[in-house]
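Next up is one chain by itself, shown in structure tokens, the form predicted alone.
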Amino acid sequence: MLFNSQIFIFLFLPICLLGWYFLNHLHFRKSAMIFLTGMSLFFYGFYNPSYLILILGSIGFNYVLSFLILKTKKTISSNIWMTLGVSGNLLFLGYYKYFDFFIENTNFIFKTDFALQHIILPLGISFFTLQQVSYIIDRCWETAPHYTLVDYMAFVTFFPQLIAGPIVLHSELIPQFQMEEKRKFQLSSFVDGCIYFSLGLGKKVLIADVFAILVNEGFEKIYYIDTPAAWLMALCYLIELYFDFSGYCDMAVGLGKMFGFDLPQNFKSPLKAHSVQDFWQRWHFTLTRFLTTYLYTPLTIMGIRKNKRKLFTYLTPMLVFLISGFWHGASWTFVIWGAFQGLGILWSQRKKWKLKKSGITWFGTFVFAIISNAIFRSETIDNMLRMLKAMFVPHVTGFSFELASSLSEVPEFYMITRVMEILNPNLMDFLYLLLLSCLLLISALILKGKNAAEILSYRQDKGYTFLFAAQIAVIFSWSVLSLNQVSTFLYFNF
């Protein structure tokens, strides 16, 4: 089930909200938690009910391990439990996400012919696995308590963040489940949630899905692209990915607020960053936080203990981003993307290369993001090399006109294009370029402005106005009317 679908907005969500607040109003706390967990599992299994076995098995494994840590922590080393927990979760993730990748590369290197299993990647497996890894590590570090089964299941399955994050820590959500005041309907929190959700829905439906048409068209015809088209495709994909993923996260935060819970922000205007390091403190912040807490910091401490600070200063960022790249998907292009990001981090950390924030530092970081996302979007090494060659070996064939013409599929442009076809069909190519330029300009203005959190903070200080309410209503209504072209979120693939 998708956030950007009518069945979710007009059926599932109202039932879930009514049931949650009704049971809490009657002071049936445990029943309310069971109801929320049940609805979240229904949400997860709506696409494929067999996935329920996987997520319930994962929850069961980690909860039993947490219980064993509680009972035996005085007699068994926590490192053993940590090794078992992390290894079990990674093997679970590795089988479903990387088994065929391993077989394919084994066949290539050793000239074997092992059959591929064509395993379908379960939705959200990367996110709920990392979420539980963080909990098990915290249990072994004795920074997390052993929760009740109901609270733990609700924490893992809470549907707003289940499929594509943000990656929520147990300490951020379970204590809220246990707070009585969070279970009472608060109009201000519900209104803020509706605003967040509407802004996120608009990002996804009205912006990301439009740019997706052009990007998909370009990568389907990658053999024909020229230099302007390659840069245009990479730029449009960066915009698509940002609005798609940040839109999902805004909707997730908004849904959390509708239920009275605060989920962490996952984006802090990353395309305003002035260095690669600054970028990753703004983009997919909860993944950066996870990698920093559970990988980067322990490795750094290890380097200090072994008196190899300088060596680990270079190795750790590269290792962390190689793992981050591989986490995103079973493809060598993701590994190369991770290495590229690691080099960017090392560059931005060098003091002699650091510059004061300026238009130059912003532009350099923005270009870096465009190039790295060209790598990220390429499905194969061959496509990646073709893309990079087209970007950096100048040649012009006019393919940008064909790319822009793919916008004829956008319903909002129907009347404009029909009128131009009647008046002067010879100018159609230039009309599509003009429409694309307008889309890029609108996107730039939105990116330059306040993000969703800043908009809410500003309105909470200044007060809500009729004009602002009308703007949100238009965004929501327009998005709902465009739901006939529903598409999945990009991070469902990761």
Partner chain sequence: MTRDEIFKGLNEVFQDVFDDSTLEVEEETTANDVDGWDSFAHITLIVSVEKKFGVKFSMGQVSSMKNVGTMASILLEKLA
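Numbering follows the first chain given and starts at 1. No experiment lies behind these values; they were computed from the predicted model shown.
What follows is about the form predicted in complex with its partner chain, which we do not show.
Screening 118, 71, 305, 111 for any heavy atom within 4.5 Å of its partner chain in the model of the complex leaves a single hit, 305. Interface residue among 361, 269, 297, 216 relative to its partner chain in the model of the complex, by the heavy atom within 4.5 Å criterion: 297. Looking at its partner chain in the model of the complex, residues 293, 309 and 349 each place a heavy atom within 4.5 Å of it. Although the partner is absent here, residue 77 lies well away from its partner chain in the model of the complex, with no heavy atom inside 4.5 Å. Heavy atoms of residue 277 reach within 4.5 Å of its partner chain in the model of the complex, making it an interface residue.
Put simply, residue 301 is close to its partner chain in the model of the complex: some heavy atom of it is within 4.5 Å. Contact annotation: residue 313 falls within 4.5 Å of its partner chain in the model of the complex, judged by heavy atom distances. For its partner chain in the model of the complex, the listed stretch (237-245, 155-163, 391-399, 138-146) containing residues with heavy atoms inside 4.5 Å is 138-146.
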